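Presented below, as structure tokens, is a lone chain in the form predicted alone.
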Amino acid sequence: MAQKPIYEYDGKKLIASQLPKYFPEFKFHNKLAILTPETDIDALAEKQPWLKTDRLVAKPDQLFGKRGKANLLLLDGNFDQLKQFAAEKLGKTFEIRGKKGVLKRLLVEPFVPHKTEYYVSITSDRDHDIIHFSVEGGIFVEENWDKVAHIPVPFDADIDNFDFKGKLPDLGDLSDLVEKFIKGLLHVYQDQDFAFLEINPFAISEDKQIVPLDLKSRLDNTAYFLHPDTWGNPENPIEFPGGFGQELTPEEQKIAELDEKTGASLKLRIINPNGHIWTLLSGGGASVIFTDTIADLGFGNELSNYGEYSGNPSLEHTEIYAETVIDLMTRNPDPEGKPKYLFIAGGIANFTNVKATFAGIVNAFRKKVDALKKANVKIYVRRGGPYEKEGLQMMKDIGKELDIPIEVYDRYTPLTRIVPIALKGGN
């Protein structure tokens, strides 16, 4: 499962569209607006007149919490106060938990007066989902975690006939309503391939309507093709944003989009674009160990990227991934002609086809051979797994064919050994 967080706006829209199928009593107001630095708020209010008539809440929608404590919350404001709040906050740089970033997005919705705040979340374990519920929601739920009810629900359980009420706190005349809400929410969670869902808090209005106030959620992004009518619509797919302060480069964004289209794992982060050490690593564990080795040997300041291609990616996807890394590392050759190092390494794969993935990398070499030579790139390969003999021979052959320096090692050379071989002359 590949868990990706989504915007609160998108999460609420998805819940609002699906929950009534299982919980017909749910009547969401559907009054949601997004403000960015480019938004003409007056023009937006012409299309959504409730912005001028309702009392309002405005908050950042950029994957970070504690917004009230950071003075980034407008509560029970009017339209003029919203305009002033947006002018003061949007496009400005803030530091949240040690990370600096630009506030680019505000979520606006009606202010809902309420007395009691409830908490509900759904997580998944190996063989069941878990409902977490508390009558003490809001910002202090973590301090009151011992008061949270945890209800495991087997994957094959009949949700509609499952006894939630008997496992929940006594809510008096609200018990039936909350039980129906939780059942409906779990249906949506499973049907739409959520990987995590938290509503903290939700309120119950005087007319017995459940209102989600704050929502966080993650989807299994590899299931997008299963939901062409909702969040996987290819013409208007849901967005998986990066964390606050994490501005993706075009290359990182390209690989992130490629990752969303495959069941394999393709990750790329640029650390130092002017560094001399670049990697094409297979496997999450191997990538961590290999990267740590580079740093431990004193070359961390030269490490250019971090990432992985794993989970048996196709030849085509591996080629695109490799080509992207090669483009980055050869963009600015060292002015003194010092070599750059490309490590193509991984552990002993269980099911990744070494020959097929190496064929993708070899195709990238052929396309970029002139750039590789101009940047004085030295290549070191270490890999094991299905079809490793053919794959490693392919790497030896392409080195001779293109006249580029490639040293090839098999499974009998420890994974991390090629780092000192390359960077310290074998010491």
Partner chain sequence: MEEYELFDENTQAIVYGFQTRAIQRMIDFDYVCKRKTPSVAAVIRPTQTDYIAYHKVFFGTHEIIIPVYKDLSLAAQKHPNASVVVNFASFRSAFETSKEALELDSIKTVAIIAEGIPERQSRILGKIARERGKWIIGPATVGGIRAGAFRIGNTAGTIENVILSKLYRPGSVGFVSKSGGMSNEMNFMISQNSDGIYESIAIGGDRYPGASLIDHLLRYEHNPKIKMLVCLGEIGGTDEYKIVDALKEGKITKPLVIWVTGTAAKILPKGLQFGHAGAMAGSDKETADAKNSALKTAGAIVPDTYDTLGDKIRETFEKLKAEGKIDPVEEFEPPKIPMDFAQAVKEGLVRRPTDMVCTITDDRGDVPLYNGKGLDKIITEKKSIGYIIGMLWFKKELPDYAQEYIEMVIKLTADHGPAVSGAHNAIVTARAGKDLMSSLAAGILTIGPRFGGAISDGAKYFKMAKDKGMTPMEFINYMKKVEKKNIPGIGHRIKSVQNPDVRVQLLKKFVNSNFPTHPYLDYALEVEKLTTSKRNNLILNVDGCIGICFLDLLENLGFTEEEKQDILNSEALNGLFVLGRSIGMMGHIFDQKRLRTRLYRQPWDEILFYRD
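In this text, the rigid core denotes the largest set of C-alpha atoms whose superposition between the two forms falls within 1.5 Å. All values reported here derive from a predicted model rather than from experimental measurement. Numbering follows the first chain given and starts at 1.
One more form of this protein exists, namely the form predicted together with its partner chain; it is left out here, but the text below deals with it.
- Only one of 323-331, 204-212, 301-309, 142-150 places residue heavy atoms within 4.5 angstroms of its partner chain in the predicted bound form, namely 301-309.
- Though the partner is left out of this view, Gln81 does not reach within 4.5 Å of its partner chain in the predicted bound form, counting heavy atoms only.
- Residue contact check for Thr416: one or more of its heavy atoms lie within 4.5 Å of its partner chain in the predicted bound form.
- When its partner chain is considered in the predicted bound form, Val288 lines it closely, a heavy atom lying within 4.5 Å.
- Taking the partner from the other structure, its partner chain in the predicted bound form has a heavy atom within 4.5 Å of a heavy atom of Lys99.
- Checking Glu336, Asp156, Glu235, Asp173 against its partner chain in the predicted bound form, a heavy atom within 4.5 Å turns up for just one residue: Asp156.
- Distance criterion of 4.5 Å from any heavy atom to its partner chain in the predicted bound form singles out Pro386 from the list Gly65, Pro37, Gly399, Pro386.
- For a residue to qualify, one of its non-hydrogen atoms must sit within 4.5 Å of its partner chain in the predicted bound form; none of Leu32, Asn71 and Lys261 qualifies.
- In the predicted bound form, its partner chain lies within 4.5 angstroms of at least one heavy atom of each of the following residues of 213-232: Asp220, Thr222, Ala223, Tyr224, Phe225, Leu226, in sequence order.
- After superposition on the rigid core, the Cα of His187 moves by less than 2 Å between the shown form and the other one.
- Glu109 is not among the residues whose C-alpha shifts by 2 Å or more between the shown form and the other one once the rigid core is aligned; its shift stays under 2 Å.
- The Cα position of Tyr409 differs by 2 Å or more between the shown form and the other one after fitting on the rigid core.
- The pair Pro273 and Lys99 is tighter in the predicted bound form: their Cα-Cα distance falls by no less than 3 Å compared with this form.
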